[in-house]
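What follows is one chain in structure tokens, specifically the form predicted on its own.
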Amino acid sequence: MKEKIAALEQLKPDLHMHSIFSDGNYTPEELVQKAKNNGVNLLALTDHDEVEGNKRMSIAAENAGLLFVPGVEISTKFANKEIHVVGLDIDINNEALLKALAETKQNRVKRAEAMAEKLEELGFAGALKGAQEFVTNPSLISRVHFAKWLQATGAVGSFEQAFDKYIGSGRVAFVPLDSPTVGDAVKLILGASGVPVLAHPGRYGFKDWKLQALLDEFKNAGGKVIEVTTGSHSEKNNIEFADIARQQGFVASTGSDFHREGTRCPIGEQGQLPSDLTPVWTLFRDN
């Protein structure tokens, strides 16, 4: 893979996006077409706690003449917040990884039931059934699907307001997901021959010692890569985490975190990595 990347005349990567196999709006084939239309030539599919879409994405990318690495985004817990760890260039058939993802998917269903109960208590009847209408993978029901339902019913004026008012971390209908620790996720990804990436670290709102504690837990488990430029960051976040990568020796990754049109940024438009940072694709396998 590294030789193929080096052979590209101009590299435009996007190593973080989601399909209908988790909470995205588009099929793997549609994502590949969008990527190609936007000039992306290196891409990864990183569905939440799910690897199944990688098979279709790999075929579609090859047919479109794009380079592809399989991926996943694992939900983890740290300091009472849901933290995401992306795995890139993984073995999607690794038994330990698949077992852990299956357990998290079961826990997602349990969390959805608990969230629906809280929403019912707040006067939103039929929350679980309503959210399920937006689910494309029944085992991966998430807060995104509840947000879509709340917006569709007029309970909130926007998708973002659903999180801000009801289902975001610490809000009245929030229920934490029973999931692996950050360190557990790093070890699972390494065990699947992959590259662990701390996803959108600026999104969690951690500052000072708490941010450093997260970075230390990730690094102590064997993590070497953080997302620097991402559609889930502000420009200020991008600059901040580029500096952190320099100061603490992290390798840098990049991705739009694309789910649907009209949110975050289009595929491949998350911004370039600073040229002085070591890019994550230098760690990909040679096969």
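The structure presented is a predicted model; accordingly, all values stated were derived computationally and were not measured. Note that residue numbering begins at 1 and tracks the sequence as displayed.
A second form of this protein, the form predicted in complex with ligand AMP, is not displayed here; the remarks below concern that form.
When ligand AMP is considered in the model of the complex, residue 160 lines it closely, a heavy atom lying within 4.5 Å. Interface residue remark: residue 34 is not counted as part of the site for ligand AMP in the model of the complex, having no heavy atom within 4.5 Å.
Residue contact check for residue 14: none of its heavy atoms lie within 4.5 Å of ligand AMP in the model of the complex. In the model of the complex, none of the heavy atoms of residue 76 sits within 4.5 Å of a heavy atom of ligand AMP. Note on the interface: of 82-90, 119-127, 190-198, 150-158, the segment with non-hydrogen atoms within 4.5 angstroms of ligand AMP in the model of the complex is 82-90. Annotation for 139-153: interface residues with ligand AMP in the model of the complex are 142, 143, 144 [heavy atom within 4.5 Å].
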